[in-house]
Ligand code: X2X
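Below sits a lone chain in structure tokens, taken as the form predicted alone.
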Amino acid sequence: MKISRRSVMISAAGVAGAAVVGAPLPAFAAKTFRYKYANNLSRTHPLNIRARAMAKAIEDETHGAFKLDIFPDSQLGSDTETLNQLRSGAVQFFTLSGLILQTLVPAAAISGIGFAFPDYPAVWKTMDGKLGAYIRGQIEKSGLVVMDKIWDNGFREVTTGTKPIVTPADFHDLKIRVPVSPLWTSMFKALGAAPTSINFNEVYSALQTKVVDAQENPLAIIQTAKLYEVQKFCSLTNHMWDGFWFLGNKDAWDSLPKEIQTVVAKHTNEAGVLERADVEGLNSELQKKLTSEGMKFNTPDPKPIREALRQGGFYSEWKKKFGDEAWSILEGSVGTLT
């Protein structure tokens, strides 16, 4: 078989072109990075399901140059401990509620102001808008990296072991577990309750041993953490919306080539938006499931509870703490609170 010089040149050019198309970018091939990502939710929560898909997408697109090991269920420690690990670099990524991040970044908790958001459209308008940008700026000032899209933890509901919450009076002297966050403690004290700060990995046992009589969390967490085993009533108060900021250690982030940073940020933000839809879509399904597990549901009127917070000075107190700039950005999206 005769092969002309021209055909050889065309063939060689084709192979070279294929090599360019199929080869990883130089930055991807230079070094392999293996980072840890920790969170406090169960493996079955939508956050971890989306995180696993995200990790695979990142590894695939970087041709194995970036691998993300996921540690759910507070495997690496409590929220407080893991935040310290993130800051030291022992953990490279961590998703944390802004309400708990408040201990390091005070402004991060403003999205959790009681009854600020009436529904999900109001949440995403605000958190993808000016308030979200303001909070991210404050997080970055603390020395952490934060992704653009906040992940959803859902609207929070109150569960109790002895009686449902129907009116503000039902909060009086209620021993309720709250996360380690001043905002939660302040809100439930304004309602006359007796809040106790307990890390999430200790909540089940605290309810089981009657250290506290109640807790509050989104339905997805109530289900995946099996809190229905130690709580009888669930009152759909929707008293706070809660989300998870996807945080990174700055030194670890800066060590990544720009090309890998771009891929990681892209897939993390995309996964966060998908997780939002997952959590919202689960709500009606979860109520049915939790009912089948023995929980009893009721929906209290939020207006008297919100008025009790106003009269108790909750809104005016936190307006002073967050400052006029942050508060005006919040009210610019959700309306007047004080």
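For every residue, the number given is its place in the sequence shown, counted from 1. These numbers come from a predicted model, not from an experiment.
Keep in mind the form predicted in complex with the named molecule is missing from the figure; the text below concerns it.
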Review point. Do P179 and the named molecule share at least one heavy atom pair within 4.5 Å in the model of the complex?
Key: yes
Review point. Hey, in the model of the complex, is W241 touching the named molecule, heavy atoms inside 4.5 Å?
Key: no
Exercise for review: Evaluate I221 for contact with the named molecule in the model of the complex, applying a 4.5 angstroms cut-off between non-hydrogen atoms, and reply yes or no.
Suggested key: yes
Exercise for review: Examine N153 and determine whether its closest non-hydrogen atom to the named molecule in the model of the complex is within 4.5 angstroms.
Suggested key: yes
Review point. Pick from L41, V279, L290, A55: which residue has any heavy atom within 4.5 angstroms of the named molecule in the model of the complex?
Key: L41
Review point. Which pick from F171, W124, F200, F117 sits with a heavy atom within 4.5 Å of the named molecule in the model of the complex?
Key: F200
Exercise for review: Could you tell me which stretch in 262-270, 136-144, 179-187, 109-117 has residues with non-hydrogen atoms within 4.5 Å of the named molecule in the model of the complex?
Suggested key: 179-187
Review point. All three of S97, I100 and N217 touching the named molecule in the model of the complex at 4.5 Å, heavy atom to heavy atom?
Key: yes
**Study point:** Members of 303-326 lying within 4.5 angstroms of the named molecule, judged by heavy atom, in the model of the complex
**Key:** none
